[in-house]
Each structure stands twice: as C-alpha cells, then as structure tokens.
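Just the one chain here, the form predicted on its own, laid out as structure tokens.
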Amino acid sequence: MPMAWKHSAALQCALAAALLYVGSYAPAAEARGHADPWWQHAVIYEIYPRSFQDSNGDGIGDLNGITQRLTYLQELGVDAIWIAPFYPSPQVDFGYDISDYRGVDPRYGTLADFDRLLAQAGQHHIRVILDMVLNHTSDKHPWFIEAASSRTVGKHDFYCWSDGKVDAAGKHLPPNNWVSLFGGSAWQWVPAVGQYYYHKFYRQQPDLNWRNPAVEQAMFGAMRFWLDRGVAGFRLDAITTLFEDEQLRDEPALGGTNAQGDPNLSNIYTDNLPQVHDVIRRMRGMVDGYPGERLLIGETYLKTTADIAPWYGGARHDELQLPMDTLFGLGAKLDAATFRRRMTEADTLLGGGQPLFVFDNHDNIRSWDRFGDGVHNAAIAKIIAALLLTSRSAALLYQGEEIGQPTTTPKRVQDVRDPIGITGWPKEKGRDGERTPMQWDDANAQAGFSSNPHTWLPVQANYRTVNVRTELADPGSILNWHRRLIALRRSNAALRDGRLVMLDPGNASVLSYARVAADGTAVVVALNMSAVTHKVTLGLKAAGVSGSRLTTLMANPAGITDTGADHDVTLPPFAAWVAQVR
C-alpha cells in the first residue's frame, strides 16, 4: 500500500467502501431496471472549492467544507460533484497552474482529507469527478524548473520551445504572432536556454509538449493516481488545446483588437488540431480499464454543434462521453428559436452521443445575468432550470445556480483578484463575479460560508434573502424549483429516457417540446421566453404525441392549470410549464 494511504484503520475501511461504491453501485440503473451508464441521466454539480465552504476559518473554502455539505447535495439530487483544482499550486490562476498533480494544496487540506471526502461522498451516493489540467503545468512544477535550466536535460522536451527569430539589430523576437488568451505574446523568453516557451494562458502556465510520448505517460500516470483512489472520472480542462502547429505558422488576423488590446486572431493553429483525438482515444482506453464506468468530460469550446460530434469518437464512441456543449447556454439572448435550433442540432448531429448543455460555470457570468432583463430574472432562472433538467442533456449545475445567486462583478480594478481582470480592465473585468462564496444562510455576514470576516472574495450583499436556508423554507423559491425538477427528472420515465419531439416549431417566443417514452407516455414542456402573455397551440396530434389531457406537474407562475390536449395553452410572461400527457 502506498505511504499516502497509510491512515487509520477506520479511514482505510472508508476508502475501501468508496472504491466498492465506484465499482459497483448504480442507483439510477437499479431504479430503471436496465443498465444505462450512470452519467447518461446524471446531475453533475460543479464545486469551486475556494468558494464552497470554509471549514477552518481562514476565509478560503476547502475539502473538509465540501464533506460538511454532502447531505445538502444528496438532498438536492446530485449524482456527482466536479471539483475544480485543489492540487498544490502557486495560485496564479487559482489552481489551474498545477505544481504537483499527486497532492492537495495545504490551503484546501490533505490527501487524508480528500480520501475522507471520497469515502463520505460514496456513502451519500455521490461520485467525485476531478478537474484535470493536461494542457500546461505551473512554471513552478519541478518538470519546468528542470526544463528551463538547460536544453540538454531530460525534461526540456516536456514543453514547447522555439529559438524564435532575430531582427537586424540582433534582438530576439517570438517565432510567430500567437497571443496568450490572457494577454500579450504567447511566447516567453528564457535566457538560461536561449529559447522561448509557449503558453496558451498565463506565462506562468507553460504548455506541455504532447508530441513527446513521455508527457503522455507522465500525465496518464497522474490520472491513474486518482483513479486508483476511486474518483469517478475527470473534467478535462482546455482539452482542445493540447497540440499546436509544428510549423509555428502565424494565425490569420481577423481584424480589430480584444479586451487585452491584442489583435483578434483565428486559432486554427493552436486549437482543435486533429492529433488530440489520438490522445483522447488512448485516454479513454486507459479509463475504461477501471470498473464503475469512469467518466471523461471535456471543456470543448467549439464553434458549431457539428464540431462537437468528433469528440465523442465517431461511430465507435471511444473518446469523451460528455463533451461540453457551450454553444447552447453561454449566449446572452433568451431566444426560443435559438434554443430550439440548438436542441435539434444536439439531437441530430451528435451521432447518438449524450449532450451536455452548459449554462453556468466558474468562467462565465451567471446565466440569468446574461439572459435576464433585470426585472424578471427569478422567473428566467426557473426557465433555464426547466430547460436544462427536462431536456435530453446530462445536467451540469454550478454552485449557487440552484439558489439564483447572481454575478457580482467588481466595480473597481483595485478590488479584482482574477489576473485577467486586472490586465484587461475595464473591457475585461475578470471572473470574480461568478466565483463569490456560496451563500448558505444569514447567520453571519459571511452567509455561513466562513467564520472569517475577511473571505477571499466578498460575500454578496443579498445573502440575507438569497441563501440555502431561507430558500428551503420557501416553497416557491428557485432552490425548491430545482429540487422538484431534479426529483421529477429521476422519477418520470419520459423525462428520464424519452425522445425529443419539438412542438409549435414556428413560435418565435415560446419554446415547446415533448419528451416521449418508449411506451408512448409523454411530458410536455412549454417555456415563454418573452415579457408578454402568449396563447400556444401545441399540436400534439400532428406531432405524433397521443393523449387527451395535459396535467400540470410543475408551473411558474402557479396558476397554469390542467387542460385538454387539443386546447390552446395560455402562458403568462416568462412562464415555465411542465405537464404530463394523459
């Protein structure tokens, strides 16, 4: 047994229980009576650990804090948690700059704390998914420290180097025009080796050289370290950027400048290169060697739905099980026609792959702030929840989404913690606004997140009304709306397994669709995405959905009543209605 596992006998038993859970427990499959993969119908909940729960009073969330909140997550209906990086890190990019892939940063706890979390999660029937950053390391990682010391050391070829160019005056210049996503040239000069290294993100995040087989071996080894401990899989950060053009050709200019003041460039030579699929197939083969249907989720920011399809692995489905469909929910316009088109594309263009629609995460302004009108945001939050949890997609929630926690963007540059917001101010204000601490209750000014008045980011001023405890007591709250939707999704055969049938497809304001189970039973969903009342003709018979009556399962506002299947339905502004066809 590795030294890191030599804890108490009780903890060893807990670890064994966690491994047994991952390998054999499948509550959803048991409930259905057949063995779909657990993730196909899962509700996955992203935790940004710095901001979820502080257990030791230092103002920063930690692993033991997550353990403290597992009962809440189980009662919400969560099947798995995805935890953003907690590995040792200089925290330049708040954990996405990793200096040790096989440990826990002391800010978040210890390996023993992680093992305890994993074991306790298993007892709550919650799987644990880790964020795995494969594109780059920290510049403080021992590999890079060695690589930057000499051209002749073994680890030098672990990273992407270039001699660059030299101008007429003998000045060193980068090899091409590539820019960092976080501002400035993507190339950093290292005098000790007389070369530039490439960094897609911050200069403190040098890109790994995935053309070197030793890099793949080392990174797969890091993944096995956590798979051996019992994690259910990985969310793969920036996975489309593993490879760059070997010829280092200039990216085509698109015209204009971005928020950082850099020229807008195409990314045809630095993103979504075909070689990455060979790596993902080998990775999937490695992961599939473990019991318990381990999962690979991909951060796949791509331009079209058709671009997402290859990430499933084509007809063999031997790459990612769940590439993120960021096209669907990261827009800024609540538009029925757009959502209808995206849903139809996901249903028809992914080769049978399970969609994963993304509305919220730690990198984007929260969905109701993007789609909201400033007046009806609470109702719009319920529309988004209904769309996500009644669609065919696996469901991804981000902490605070379920209580309607808004984005709180800093108003002054001196208050910004996110480096991209500091360098890009005022056009780019960073990601602090969607990363503020989770609001649990109104017991203290830290909303129950911490006992320390100096939390790493300030708690939002609305914590007295927007918090878990207050909303649990309110039957009409956004939180209870989510809880009911998740329970309905789990218990209703049509919502769990049914095919998608679009209804009233020409309606520009109301998105309506049916989920139809194999036995013909169906659920209708109608979402009014406008500020005016609409009378909707669903056309169930013409769409091949049989039944004579629509019985309300959930409605916001509550006054939408049962009706005949062939009758028009009147939907108030920004209404969400879910009904059983009988």
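Counting begins at 1, following the sequence as shown. Worth saying up front: this structure is predicted, and the values here are computed from it rather than measured.
Quick note: we don't show the form predicted together with a small molecule, though the next part is all about it.
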is_contact(D441, the small molecule) in the predicted bound form, heavy atom dist at most 4.5 Å: no
Non-hydrogen atom contact R431 with the small molecule in the predicted bound form at 4.5 angstroms: yes
In the predicted bound form, Y96 touching the small molecule (heavy atom, 4.5 Å): yes
Proximity of D363 to the small molecule in the predicted bound form, heavy atoms at 4.5 Å: yes
Position in contact with the small molecule when the complex is considered in the predicted bound form, options F201, Y269, W143, F234, heavy atoms within 4.5 Å: F201
Residue among S512, T390, N467, Q205 with a heavy atom within 4.5 Å of the small molecule in the predicted bound form: Q205
Stretch from 254-262, 72-80, 234-242, 452-460 whose residues place a heavy atom within 4.5 Å of the small molecule in the predicted bound form: 234-242
